[in-house]
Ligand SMILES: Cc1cc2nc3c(=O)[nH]c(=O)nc-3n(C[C@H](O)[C@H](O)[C@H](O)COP(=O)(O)OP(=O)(O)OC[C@H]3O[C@@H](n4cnc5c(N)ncnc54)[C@H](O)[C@@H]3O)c2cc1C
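Read the single chain below, which is given as structure tokens and is the form predicted alone.
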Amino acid sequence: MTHIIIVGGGLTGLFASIVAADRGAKVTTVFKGRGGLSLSHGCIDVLDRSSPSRSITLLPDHHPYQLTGKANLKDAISKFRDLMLHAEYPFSGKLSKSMSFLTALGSVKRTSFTPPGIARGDLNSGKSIVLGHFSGFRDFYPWMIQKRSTKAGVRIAKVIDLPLLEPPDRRDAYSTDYALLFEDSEWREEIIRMWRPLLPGVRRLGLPAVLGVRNHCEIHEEIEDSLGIEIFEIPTLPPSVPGLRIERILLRQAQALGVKIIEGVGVIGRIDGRSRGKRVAGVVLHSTGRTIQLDADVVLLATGGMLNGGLVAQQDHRIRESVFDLPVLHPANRSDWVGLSLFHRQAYASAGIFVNSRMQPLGLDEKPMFKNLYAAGGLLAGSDRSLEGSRQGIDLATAYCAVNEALG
């Protein structure tokens, strides 16, 4: 049985763990901190184009989508949707056509695959929109959304104040607090009773994405049926409940498949000296007061980019890959790492390690550095995932491709 160590606990690492375990591998997943799912909107962005599948063919040869090929992307998304469906959290959408929805900042965002609560908010439907306001909720500002969305060509009919029973006291309430409260059937029943007389004539209501964590679909359906209106969720500022729903599902599925998960440790790569430097031997885990050495047949890096710790900016103006110190190509002048404004292309966002079509990291000679080392997700060079709107699609496609290449 092949033992694969996956470094990273975000979407890329957790998805890769499940794919590898499904293939019969012995899987150990290690990571220092939480991945980026709690910061994400909980959808699957493939490419910020009206037709992502057609636009992918126009990307440069070194782009991760071109390296993996469209077949891996399709298979990865199909696998992800099967996992979500099994957990009763189904995703809808198409690679051939994007959906548009409102963000918590009032802008319009395109995405390819969404869970039920967010899918109801597809702006392409043309249905009238009313927003709900939760008094005291610090991370959702419907009047700002209404004002800014008008500039984007989206009309919001009105904003309605919706009362809530008292949230936790002595501190600000976050989206996760309300999501847990909505899991309580008695609390939910009282909320429905309070809201019903406030919504005459409303046909589609937008709410912050807080309608439960564990039983979202059941809660969403119950509230819709009880009020007799269509309800959609708008992902809030972090922590993002839709992202946490995905994280929870992937963790549970990985554990059910026997994946060993080690959290809260620093990770340093080990080279196999017996192979004359052609193979990696595993990793060393660092935690308070001790180190643990893990051997593996394969190591897959899913550590993310600059914002996730996979790439580290140093005082010597160098960007360093954090586990094996792999070569990272980036502008030599640190002032060139960022664009003129937030809305320009950022050079640091495209920094990363280069890989071949098997997802093996390449050295400066453009040859694989190690036979049994692979990389996926935000660690890869060749794309600005935020600017492109390709973050989750690249995560899934490269993780799927890397695992299948590693296990043969």
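Just count from 1 along the sequence shown to find any residue number. Since the model is a prediction, treat every value here as computed from it, not as a measurement.
The same protein has a further form, the form predicted in complex with the named molecule, not shown here; the description that follows concerns it.
- Only one listed stretch (24-32, 61-69, 367-375, 352-360) carries heavy atoms within 4.5 Å of the named molecule in the predicted bound form, and that stretch is 24-32.
- Interface membership of Ser383, defined by any non-hydrogen atom within 4.5 Å of the named molecule in the predicted bound form, is ruled out.
- Mapping the unseen interface onto this chain, Ala302 counts among the residues with a heavy atom inside 4.5 Å of the named molecule in the predicted bound form.
- Although the partner is absent from this view, Cys217 stays clear of the named molecule in the predicted bound form, with no non-hydrogen atom inside 4.5 angstroms.
- When the named molecule is considered in the predicted bound form, Gly310 lines it closely, a heavy atom lying within 4.5 Å.
- Contact annotation: of the candidates Ser322, Gln253, Gln146, Thr236, the single residue with a non-hydrogen atom within 4.5 angstroms of the named molecule in the predicted bound form is Ser322.
- When you look in the predicted bound form, the only residue of Val265, Ala157, Leu123, Ile271 with a non-hydrogen atom within 4.5 Å of the named molecule is Val265.
- Residues are counted as partner-facing when one of their heavy atoms sits within 4.5 Å of the named molecule in the predicted bound form; in 1-26 these are Val7, Gly8, Gly9, Gly10, Leu11, Thr12, Gly13, in sequence order.
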